[in-house]
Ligand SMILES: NC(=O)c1ccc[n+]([C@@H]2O[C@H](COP(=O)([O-])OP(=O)(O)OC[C@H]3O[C@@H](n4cnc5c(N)ncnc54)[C@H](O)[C@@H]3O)[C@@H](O)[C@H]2O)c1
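One chain follows as structure tokens, the form predicted alone.
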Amino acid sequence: MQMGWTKVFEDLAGQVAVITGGARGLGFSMAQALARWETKIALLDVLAEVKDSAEAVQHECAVESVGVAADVTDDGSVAAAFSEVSHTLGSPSILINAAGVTIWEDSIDVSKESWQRVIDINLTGTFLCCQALARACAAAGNGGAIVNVSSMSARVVNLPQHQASYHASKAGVEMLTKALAVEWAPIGIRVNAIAPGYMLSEMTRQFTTANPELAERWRNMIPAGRMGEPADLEALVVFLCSARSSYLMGQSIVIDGAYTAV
């Protein structure tokens, strides 16, 4: 529990949160942020290390946690994962959709398979997990909160990389967020999104270290003068999952160091 803020997000204690793409990176960081408010954590990921990541959260934050291997593009896999979470931790009421992928390639050369993979993971996977959370909430007779991870790339074209499939998928996530927020508000499920800019996740940090000139170009385009850290997202995500944001629905909040403001 956070000293000095012991009651701000107390409603999160004891709830069950599912975080996709939770084995590492931004998903893992956001899971840790919720765990510090005594939320039970279920990490979903295709990576086998998801179980180790869940054990790390449990050890660090002293909350119940489980890691489940799941493919967000497969509705059967998603349903089985949510069933395991419900059986192990209790019915989930919070979902963070952080599973995602990007592929850099010239659009003239993109194969249908490459395009489809990005759409399947980023957009269809987000929908299937939203659907699973809504079904769990309906079965339990309670509301819930969903935070979809979009990107500033839903609104601007990143340079110099070419990634049309990523832009299209994240723009789809933003509209999906609005559509589900309107549809599910009457049943008590709030749906919002966050749209991060360039964030120094573990994988991105490895890339920028190997490509310092590109990293410097990105930094020069960010008014804040730096790339974001995973911790920069944590307070926003916790707020959106908490009842403190109960009147905030259907929004995608950009957090990018003012990159999209210029």
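A residue's number is simply how far along the shown sequence it sits, counting from 1. Values in this document were obtained by computation on a predicted structure and should not be read as measured data.
One more form of this protein, predicted together with the named molecule, exists but is not displayed; see below.
Across the proposed site, V66, S93 and A139 without exception lack any heavy atom within 4.5 Å of the named molecule in the model of the complex.
Using a 4.5 Å cutoff between non-hydrogen atoms, L47 counts as a contact of the named molecule in the model of the complex.
In the model of the complex, the named molecule stays beyond 4.5 Å of every heavy atom belonging to Q32. Although the partner is absent here, C130 lies well away from the named molecule in the model of the complex, with no heavy atom inside 4.5 Å. Though the partner is left out of this view, V85 does not reach within 4.5 Å of the named molecule in the model of the complex, counting heavy atoms only. Just one of A210, A231, M203, A62 comes within 4.5 Å of the named molecule in the model of the complex, counting any heavy atom, and that one is M203. The chain is drawn here without the named molecule; in the model of the complex, the stretch among 107 to 115, 144 to 152, 130 to 138, 182 to 190 whose residues come within 4.5 Å of it by any heavy atom is 144 to 152. Residues from 81 to 118 that approach the named molecule in the model of the complex with a non-hydrogen atom closer than or equal to 4.5 Å are A98, A99, G100, V101, in the order they occur in the chain.
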